[in-house]
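What follows is one chain in C-alpha cells, specifically the form predicted alone.
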C-alpha cells in the first residue's frame, strides 16, 4: 500500500512544477516496493493502526507542531495512538504533539527554525523545497508561514512514514514528504525557495552540490543553506580523517568565509550569513522517542569543545543567497 500522494499530484499539476509528474509517480511507487525495505510492512501497519478520528485543531506556527486535543480520544484510542507512533522509532526531528501526546524528538528543530525565520523571504504563496527533510517538521512550519506548496524529500522511508502519521490527521495535501534523494530530482526545476539544512557536509562534491541546488531554483529564487562550519579565514576547511562526531559520511566542513566564497563562485548573488551557533546537548539529545546515542556521546567527555575524534565540536551556520 502506497500512502495517498494523488491529492498532492493534483496540486502539482496546476503549478509551475507540472512537468515533474512525468516521472514522479513512478519514482514514488518504486520507493515503496516492499522488497527494497524489509521494515516497510511494519511501518505501514503502524499507520493503519492509528485511531480513526478527525479533528479541526491544527497548530503549525508553534514550536511543537500539533494536531488534536486529548479529549478527542478515548483512553483506549490514546494508548493505540502512542503504541503505533512508537513503532516508527527513532523520531529525530520535531517536536510534535498529537492529541495531547508529546513527541520529544532528538533535535529541537524549532530552535533552528527560530534562528532563520526572520531572515528568509516571506513564504506566503511560495513553492518551497526542503532537501533532507527527515519527517517533515520544517515542511509543516513552512506551510504555517503560508507556502502554497511545501515539498520535502528524504530517502529514508522510516521518516517518510513518520510524516504520514502526522498527515493522517493534519490532512493538508499542499504539504508532502517524498521518498527521494536530491539526485532523484529533475535537472531543472523552479522552486521559489530551497532549504538545504544539514546536507552539504554529507556530499562528496560540495561545489557540485551547490551548483545542483541552483538548478532547482527559479531565477531570483532563494537558497537557505544550513551546515556545519569551522572557524577560520577564507582558506580554512576540515576534511575529517575517518569519522566526525562518530558520523561516517562527513566529507567537508568549511569556514563561513570559504562557504560564502563558494556560493559566489557558483553564481549566487546577495550571499550573507545570518546565524552562527554552536550545537549544544540541549538542542540535540537522546529522548524516550530517540533512545540511541546522541550529541553528548559524540563529544570528548573531558572537553566538550571537541568531538571524540579531537575535531572542533559542531558549529552550524545559516547562509542565504539568491539564484
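Numbering follows the first chain given and starts at 1. These figures come from a predicted structure and were not determined experimentally.
Beyond the structure shown, there is the form predicted together with a small molecule, which is absent from this document and is the topic of what follows.
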Site test, 131, 159 and 182 vs the small molecule in the predicted bound form, non-hydrogen atom cutoff 4.5 Å: yes
Of 81, 197, 194, 147, which residue is found within 4.5 angstroms of the small molecule in the predicted bound form when only non-hydrogen atoms are counted? 197
Using a 4.5 Å heavy atom cut-off, which residue among 106, 222, 154, 97 comes into contact with the small molecule in the predicted bound form? 154
Against the small molecule in the predicted bound form, would residue 138 count as a contact residue? Criterion: heavy atoms within 4.5 Å. yes
So in the predicted bound form, does residue 203 come within 4.5 Å of the small molecule, heavy atom to heavy atom? yes
Consider residue 112 of the chain shown here, and say whether it contacts the small molecule in the predicted bound form, taking contact as heavy atoms within 4.5 Å. yes
So which stretch, 70-78, 213-221, 174-182, 235-243, is the one near the small molecule in the predicted bound form (non-hydrogen atoms, 4.5 Å)? 174-182
